[in-house]
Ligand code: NCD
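Next up is one chain by itself, shown in structure tokens, the form predicted alone.
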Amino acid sequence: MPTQSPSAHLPFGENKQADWYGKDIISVKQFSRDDLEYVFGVAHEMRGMVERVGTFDLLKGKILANLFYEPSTRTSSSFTAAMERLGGSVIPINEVKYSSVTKGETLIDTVRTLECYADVIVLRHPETGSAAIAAKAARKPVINAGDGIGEHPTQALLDTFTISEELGRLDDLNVTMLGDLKYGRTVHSLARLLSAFDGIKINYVSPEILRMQKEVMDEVAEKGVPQAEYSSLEKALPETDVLYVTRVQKERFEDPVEYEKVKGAYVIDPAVMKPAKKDMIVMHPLPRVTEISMDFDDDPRAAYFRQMEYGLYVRMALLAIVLGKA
């Protein structure tokens, strides 16, 4: 159930819309708690509009360039669906290897070219910091859809919105992040974002070679958030409100032997989840491999596919906000 109606966010809506019109979305560090409440209020409105009428013309005449240098199913299709639900159009560029990049074109030139055709650019790139470089070069808004092992801000926003919608609060939560915490850009962004709320505790469960990056933990510690690291889920699970599971990413490993050592370190299944609370949720950014058993999918606590749907509403909200139509 939603925690608040959209009207709860209206008093500062106009000011917030002005703040975000034409702006890039590169990092979760850009978002204050008020910003998050505004975005989630708009996302909640988008959810209601989709459920009532499906599509509408809020962004009619606007064009999104989906520029993906890495393979993507969920993020790419989510942004496409978001733009089309809002009445806009999409230039899909999901196979960059077949584009002018193979001729030696730089990211900056590609972005400057695409903004001649589009009103907003969504970028996924394998190099950390690439989104900031693109945003500096572009005159149109750039939205970071994942830059290497850096950040994935729109995923963190939809993850946080999911928690709010599923549990009815964002304060006083015990959050456990499990799996690949070193290379998983989703958990880097989510840990930073959750530190904006009160009473948050974060547990990190991972193999030694996949521990959460010190830089992220230091930033979270500066906000006064208690953190704990474990190699086993057993101690953290009984008190967990949100279990955020991540895939061990084979593509991030230079040494296949190291991947083989840790790929099956954790598996969530009905037996493992017996000590967990009845009113908690399990999340995953997907795709999954073996880290969550399909036997767990019918458990009411399995929120990962609902999480994907919430992502549509958040990305609709972000597109409307940066294009001044929220």
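Sequential numbering from 1, following the sequence displayed. Remember, it's a predicted structure, so these values are computed and weren't measured experimentally.
Here the subject shifts to the form predicted in complex with ligand NCD, a form of this protein not shown in this document.
Colleague: Find the only residue in T75, S130, N174, T110 having a heavy atom within 4.5 Å of ligand NCD in the model of the complex.
Modeller: Spelling it out, the residue with a heavy atom inside the cut-off is T75.
Colleague: Could you spot which one of H125, R185, R192, K140 gets a heavy atom to within 4.5 Å of ligand NCD in the model of the complex?
Modeller: Flagged contact: R185.
Colleague: With ligand NCD left out here, work out from 40-48, 271-279, 285-293, 56-64 which stretch has heavy atoms within 4.5 Å of it in the model of the complex.
Modeller: Answer to the contact question: 285-293.
Colleague: Is R85 close to ligand NCD in the model of the complex, meaning a heavy atom pair under 4.5 Å apart or at it?
Modeller: It does not: once ligand NCD is placed as it appears in the model of the complex, R85 has no heavy atom within 4.5 Å of it.
Colleague: Any of the heavy atoms of Q155 lying within 4.5 Å of ligand NCD in the model of the complex?
Modeller: Yes, contact at 4.5 Å.
Colleague: Looking at ligand NCD in the model of the complex, which residues in 40-56 have at least one heavy atom within 4.5 Å of it?
Modeller: The stretch 40-56, when checked against ligand NCD in the model of the complex, contributes no residue at the 4.5 Å heavy-atom cut-off.
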